[in-house]
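Let's start with one chain on its own, the form predicted on its own, as structure tokens.
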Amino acid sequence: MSVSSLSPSPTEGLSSARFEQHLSQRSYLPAWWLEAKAAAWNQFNTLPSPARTDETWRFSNLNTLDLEGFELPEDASQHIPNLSAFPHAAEIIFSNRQLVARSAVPSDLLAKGVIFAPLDEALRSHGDLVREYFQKLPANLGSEKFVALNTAFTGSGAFLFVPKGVEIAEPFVVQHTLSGANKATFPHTIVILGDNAKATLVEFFVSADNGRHLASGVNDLHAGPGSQLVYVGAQNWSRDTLAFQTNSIVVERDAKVLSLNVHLGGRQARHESHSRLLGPGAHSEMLAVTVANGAQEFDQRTLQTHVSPNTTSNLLYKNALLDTAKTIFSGLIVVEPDAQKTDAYQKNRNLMLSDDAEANSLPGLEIQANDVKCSHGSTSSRIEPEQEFYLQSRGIKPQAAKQMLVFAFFEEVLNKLENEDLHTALRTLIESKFKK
């Protein structure tokens, strides 16, 4: 199917009849939610498909955005990939959009008002709170059509609410697993931290087989005044997955958000992240590590919007490219007129491990204030031969030596995580790609 066939008529598997069936299966949910789904379905069918003239899709391969034949799975798979275990507060696991396992939130946290639940459950029990923060700010980095598709069909997702002043050391964990040929999933996660709260959410997106999959996910992350949020999203979809992920991050006065995304799987994966710094003293740390090999394409689009004065942000995206893989980074720092004393940085670094790999970088600045410190940059480099020689001279095999140097390249990012157990789990996940 050509790109043009994405609009206005969807595929048979994601047809209007299938949407109506999906809607009827969720008739028990609030009316406003069902209305939002219906509006999103109309929006998906109305919005044009990405075109080569779209700046937000520059360098992307549009000919492979093929939705033909994807369908919603109705039954959970018995095969749930085992990921590295680490201490956590509670866990929710989805398989093929179905809730298959969860652990209870500790009673002391429940007593403090902490909510950690599947999205459908939160809609029934805390509908007004979900409504207040659901897609509070619109997507605007190019994937609006696929965000609309997510809203229309989302049936799995997690909701985390941490009340004012509550600090939680151990992470909350969500796992989304997909299996079966031509299956699709549309997860949506909402995280809300009250004033001076502190929490971590870790989200895994994994395939349980090598099937052709479609994944279109959305996150709404909101850090209230003085709060501290750590969000980690790690995806290891099958090598035949078309994936979209859109993150919206809101940082209020004196709040801090660290978001780290790990990209490993997928045939073609696009990730968009927009961080909005809305109050003085707000800080956003935007991090990513990507291992791209074979013919994979990873497309990363970011926006750091400074709205208030005395805000800071730092972006560091690192890509390791092998074989004929391709990466795209397009990032923009926007400083609005009232955002004096902004301090913002943006860096994309590419480690080229093949002569045939391709890295495209488009960092940018849009500054409308006159008292700021902003910089951006991009580098592409190779492993130093002396470093490889040093390791090999001590009996380390060439492939192992290269892997060690790649991990050394990534450590600058991973070391920003204070949780050592989580750091180790992510490192193990990354290592699994080199073992395939």
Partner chain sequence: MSSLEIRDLHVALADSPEKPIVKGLTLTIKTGEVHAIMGPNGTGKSTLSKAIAGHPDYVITSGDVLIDGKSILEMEPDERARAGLFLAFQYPSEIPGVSIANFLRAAVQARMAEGEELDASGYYKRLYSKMDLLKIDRKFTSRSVNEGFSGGEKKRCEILQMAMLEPSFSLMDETDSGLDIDALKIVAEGVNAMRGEKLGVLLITHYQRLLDYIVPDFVHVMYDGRIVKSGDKNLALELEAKGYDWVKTELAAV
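Residue numbers count along the first chain shown, from 1. Since this is a predicted model, take the numbers as computed values, not measurements.
There is another form of the same protein, the form predicted together with the partner chain; it is not shown, and what comes next is about it.
Screening 381-389, 56-64, 36-44, 23-31 for residues having heavy atoms within 4.5 Å of the partner chain in the predicted complex returns a single hit, 381-389. Annotated contacts: Arg394, Lys397 and Met404 all touch the partner chain in the predicted complex [non-hydrogen atom within 4.5 angstroms]. Of the heavy atoms in Ala408, some are within 4.5 Å of the partner chain in the predicted complex.
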